[in-house]
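Shown next as structure tokens: one chain only, the form predicted on its own.
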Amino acid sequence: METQTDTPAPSFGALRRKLAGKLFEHGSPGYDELATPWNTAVATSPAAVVEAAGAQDVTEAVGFAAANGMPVAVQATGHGVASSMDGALLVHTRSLDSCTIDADARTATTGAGVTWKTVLGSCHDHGLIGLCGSAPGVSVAGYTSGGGVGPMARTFGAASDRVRSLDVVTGDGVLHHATATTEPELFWGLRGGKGSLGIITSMEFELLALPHIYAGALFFDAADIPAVLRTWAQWCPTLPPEATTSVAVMHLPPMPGVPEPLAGKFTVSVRYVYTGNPDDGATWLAPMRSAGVPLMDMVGPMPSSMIGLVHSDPEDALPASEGSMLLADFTAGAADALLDAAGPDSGSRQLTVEIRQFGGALAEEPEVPSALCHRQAGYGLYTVGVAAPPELPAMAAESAALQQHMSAWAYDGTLPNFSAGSGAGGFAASYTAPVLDRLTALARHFDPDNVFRLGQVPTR
């Protein structure tokens, strides 16, 4: 189906009357708040925003869009925006905020607007945890639909592997309850297919009995960056599956929330989560503690609900340029290449250049297969540049040059949650050819009017 262009905006009155929630047209009060994504550098212009009060509102919105030839987009926290949404009907799910913890069954059931921060807080008194990402402020549904590769991935795998059921409105306006047995094809595609098959309204997933972790971050000054990167490269292959780690070269500005020892200069951070005995965790971390003189040592026993402190990702909206690639390996030579391209003497203006170690449980195929691909990648590279919007293209070019500099260690592909905003090419790179073909066939079946074409399944 061809994407429609130059189509007059429809009258939203009929849709508004069917909604339990609210509808905001372009230019009306409340529109900007809901339409603006977390990355404020991305200009979005949906024709209208539906603040859904329940699954029926989502169904009504999708049906209206299909009848009027409009694309549909979805947003909860605004992370990972895929396009400008020009002329689209945006369904905002922040009001789908129910969160129920069944401590006996070790499960959580969450609405599409629920963030990991809410889940972690609700799990705290039960000694449970879900497989969240590095930034607990993102939505559970958006993160998990992209696979969900977080700071315990080597130990427990991807968040999508723990999903038991999903309620989703597909492009034909039908609300489905998908499980591995009731609708196995849809269940397969929703776990890793990101926003390509529908709008998740709620989901049930497994929790882990893990009241405490040995975790946190070590910070070193610029002079120690070469030794820390080389030591980290040699240390990672020795780690047991109870450990998940990343390393980040950072250039943090002097601003509120940035600790004084880190502000305004190049530093390097070693992030670490160990899920076993704390004494064993300290023993495994010892080589990194001795790789330099830490400016700050923030690693120790903590409640698992505080796992967001490991990365301390910014929560406030920012104008940002993001880039990513997968790596087959990260050797001492790769560490030197990263140092050349992003170290203190490189002239890099990136806020963060991070390498995450994968492997362990993440590399194992789950009992119930999903659309998440590239599990065999050894590492992931992720860059964030923050600047005034006119300067962001230069940041993006710098990130692209960095990726080219690291191409000798590249693994072909990327991950859905790290390819936002990179268009159909980035979406396609998240999957192997057979998986992409299968997702496309599912989209054609469940979305005959192609309303989710902004979800980045190739336009037909």
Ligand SMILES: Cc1cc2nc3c(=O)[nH]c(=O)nc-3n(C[C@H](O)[C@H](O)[C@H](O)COP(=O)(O)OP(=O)(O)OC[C@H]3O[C@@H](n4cnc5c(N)ncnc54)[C@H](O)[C@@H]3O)c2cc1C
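Just count from 1 along the sequence shown to find any residue number. Note that the structure is predicted; figures quoted are calculated from it, not measured.
A second form of this protein, the form predicted in complex with the named molecule, is not displayed here; the remarks below concern that form.
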The named molecule isn't shown here, but in the predicted complex which of 120, 135, 99, 288 has a heavy atom within 4.5 Å of it? 135
Partner-free chain; cross-checking the named molecule in the predicted complex, the single residue of 141, 247, 342, 215 with a heavy atom within 4.5 Å is 141
Only one of 99 to 107, 247 to 255, 72 to 80, 299 to 307 has heavy atoms within 4.5 Å of the named molecule in the predicted complex; I'd like to know which. 72 to 80
Can you work out whether residue 431 and the named molecule are in contact in the predicted complex, taking contact to mean some heavy atom pair no more than 4.5 Å apart? no
Does residue 279 make contact with the named molecule in the predicted complex, using a 4.5 Å heavy atom cut-off? no
Mark residue 64 yes when one of its heavy atoms lies within 4.5 Å of a heavy atom of the named molecule in the predicted complex, and no otherwise. no
Quick one: does residue 365 come within 4.5 Å of the named molecule in the predicted complex, counting heavy atoms only? no
Is every one of 233, 357 and 403 in contact with the named molecule in the predicted complex, taking contact as a heavy atom within 4.5 Å? no
With the named molecule taken in the predicted complex, which residues across 176 to 202 come within 4.5 angstroms through any non-hydrogen atom? 194, 195, 198, 199, 200
